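Included below are structure tokens for two forms of one protein chain, each presented in isolation as structure 1 and structure 2.
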Structure 1
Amino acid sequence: MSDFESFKAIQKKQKAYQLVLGIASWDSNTEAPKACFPYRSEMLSIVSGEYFSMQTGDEYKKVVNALYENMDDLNDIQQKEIRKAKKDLDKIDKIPKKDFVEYSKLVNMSQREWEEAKENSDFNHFKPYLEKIIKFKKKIAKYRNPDEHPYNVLLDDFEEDMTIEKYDEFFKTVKEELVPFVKKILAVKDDEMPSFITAKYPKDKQKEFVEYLMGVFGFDYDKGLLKESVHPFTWNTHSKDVRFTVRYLENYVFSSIFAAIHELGHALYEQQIDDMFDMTNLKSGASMGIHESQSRFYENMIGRSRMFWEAHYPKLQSMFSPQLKNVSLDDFYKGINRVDETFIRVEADELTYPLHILIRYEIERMIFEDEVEVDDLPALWNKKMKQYLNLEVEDDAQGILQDVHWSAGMMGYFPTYALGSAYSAQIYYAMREQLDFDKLVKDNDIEAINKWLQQNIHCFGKSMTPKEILKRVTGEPFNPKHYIRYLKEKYSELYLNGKE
């Protein structure tokens, strides 16, 4: 058996463990009963330990290192597999197994404890878990690269080659060019919330409309399913098992509608990856930033466009006649694009959304520069919400406890949300040069848009880097000016009669 055949045989076993751990994680976030978690955490820590041993075993290290040293003997895809395997091995091989298992056990428990803390708006309940997670993340970052800033180590996990310096430059553009524009829009917005936005929409009807949207966007039911969870997310093991969740709020129907479209963006990306990658380590999206570009593209460029609702508002209006019968399409369109200061990131409008990410980025950076203690995080959060969004946070649930990410140990993830939004604008303008985008959306021909994205982005999985994808699709490197242009054009038209 050749070294590459040995590598693939071990990799196949690793995928079996990934499937088991992934299914358990899916179940934990959707259906598992509360009382099961101490036992489940203990059992899953054993499975995680076995998986860790397989990832760092002498046989696996030997074949990966041998293949890495003889890359010229491999084809292009095989070389990409081995580069990724080598990078992943170098990350995990430096972490002691005891710490890896203990950390896995902690995360398995902390997500349920976060849910309880959020439900009761009690940061102190979650605080001990967050303290341990932060301590572990710092320790793990030091194991992996003692000479690098710990936050840079974590940032690279979600967007390769992104650093504090690069994110600082990006967020500087957001602050200098977008924050003043946001304040200008907020100064002229109508303070009175349209009644149809906060009307009561029955949960069963919301679910029916979300299922309608799944058909509109071409979600393949044979390769995925929909569930409900506290925090919407998308999960997959390969291109033929892609699942997503939403939550239904009876007093805010747009939570489920736009969460569904957002998660469908993630899900369609995964379903449209070439199945040749299913048995490789290149089987998922290129990066979290590129992934987020797809979810934000579907949610905002399509889902919040007037053309989309020209096609689908009659359906929504007929399903929710008591709430929408006297609401015109124009008023509905303005309502779904209403700019307002809001506490909850996932319910934020498109324009103020990057400010929510800026807050999280600045807090995470302070955590890993040892500038803030866990005890002080709620007050820091509240201070930044006041600074950027002029909001007084009333409780922990609408403040620091609103997101699941820290309980899952996903620190360094948040900046990719803003980065992905910026990527999506750059991709959007490139697509408009090749497709009659407005007509396709208005005519409900989402299939043509899906096909373009599949051919230009989705099919490649991780075999192309974010830099390569942006260059291929747009002809230039990442340029956040497209994002600023997109937001200013759209919201100047909505609020300033087209004048910036």
Structure 2
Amino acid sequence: MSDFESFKAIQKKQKAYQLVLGIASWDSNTEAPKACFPYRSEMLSIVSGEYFSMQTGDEYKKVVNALYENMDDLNDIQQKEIRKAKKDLDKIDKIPKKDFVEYSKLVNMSQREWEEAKENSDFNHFKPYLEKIIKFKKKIAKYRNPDEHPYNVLLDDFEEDMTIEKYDEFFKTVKEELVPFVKKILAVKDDEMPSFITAKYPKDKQKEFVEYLMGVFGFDYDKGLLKESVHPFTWNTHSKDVRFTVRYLENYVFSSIFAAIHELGHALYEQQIDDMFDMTNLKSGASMGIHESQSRFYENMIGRSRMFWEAHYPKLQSMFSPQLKNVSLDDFYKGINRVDETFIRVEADELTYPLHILIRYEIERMIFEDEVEVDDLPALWNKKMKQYLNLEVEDDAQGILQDVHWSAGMMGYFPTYALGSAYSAQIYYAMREQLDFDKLVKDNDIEAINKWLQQNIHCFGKSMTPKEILKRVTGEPFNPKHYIRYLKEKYSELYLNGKE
């Protein structure tokens, strides 16, 4: 066997373990009965342990390193596989095993402690864990790349090629352009929530409508499924098994609908990846940011557009006649694009959302620049909420404790959420140059949009970097101005009679 064949053989075994662990995780997150978990956790840790050993086995390390040193005989795709394998290997292998094990235990425990802290709105309870996690993240970043800024190491984990410098530029634009614009909108918005937004919509009819949407968007049931769970998420093991979940809220139908379209966007991406990548480490979406750009694209550019509801509002209205019979399309469109100050990121509207991310980015940046003590984080958070969203945070549960990410050690993740939204706008304008987007959406020809995204983005899986994809699709590197333009166009039309 050549080194590359050995690599593929070991990788195939790794993928087999990914598959069974993946299926177990899907089951745990959707339907497993609650009493099964003590036994299950103990058993799964054994199989995960085997999987971990496989990823760091001597034979595997040897072939990956040998191939990485000498890639000339490999074709383009093979080179990308090896580069990815080498990067993944270094992520684990450069960290002393002792630290790795200790860190894994820490994040497991921290998530439980964070939950308790959030429940009691008690930051002090979580503080010692957060301190340890931050210390560990800095240490691990040093192991992995002693010459690089630790935050850059983490940022690159979630979005290849992104750095403090690039994010600084992005968030500077967000801050300068959006913060004052949001203030303007909030000043004129109607304080009262339209009653159709919070009316009761029976769950089984919500479900029926979401199933109708699956048809509209062309979700392929031969290659996936839709199920209910407490937190909506998308899951896949390869391009022919892509699943996502929805949560139906009787008193907030639009949360159900837009969360469904959001996850559907993630799922369509995965279904449209070329199946030549199934057996490689290049399957799955290009990056967190590109993935989020697709979910946001389907959710916002399509799902929250006027054109989309010109096509589908009559259906919705007829299904929910008591709730919507007196609501015009115009009022409906305004209602689903309502801007509001909110404490909680996951409930934020499209316009204020990036400000929530701005806050987290600025704080993470300060943490890794050693510019803030953990003790001072809640006050810092609250100050920024006041500054950007004019909100007085009342307790840490609705403030700094609201997100799970830090307790899971996922520092550097948040910025990709805003980045994904910004990517989606850049892609949106590129698409409009080639497709009659409004007409396609209005004519319910989403198929044509899917196809364009498949050919330009989806089919490549991880074989192109985010940078390469953007360049290919839009002709330029990442440029936040499209995002600002998109938001200002949309929301000044909605709130300011088209003036900024």
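C-alpha atoms forming the largest set that superposes within 1.5 Å between two forms make up the rigid core. Residue indices: 1-based, along structure 1. Small disclaimer: the values here were computed from a predicted structure and weren't measured.
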| property | result |
| --- | --- |
| Structure, 1 versus 2, that is the form predicted together with another copy of the chain | 2 |
| Residue 167: Cα shift of 2 Å or greater between structures 1 and 2 (core-aligned) | yes |
| C-alpha of residue 87 moved at least 2 Å between structures 1 and 2 on rigid core | no |
| Large Cα move at residue 362 between structures 1 and 2, threshold 2 Å, rigid core | yes |
| Per-residue C-alpha deviation between structures 1 and 2 [residue 397; rigid core superposition; Å] | 6.4 |
| Per-residue C-alpha deviation between structures 1 and 2 [residue 125; rigid core superposition; Å] | 9.1 |
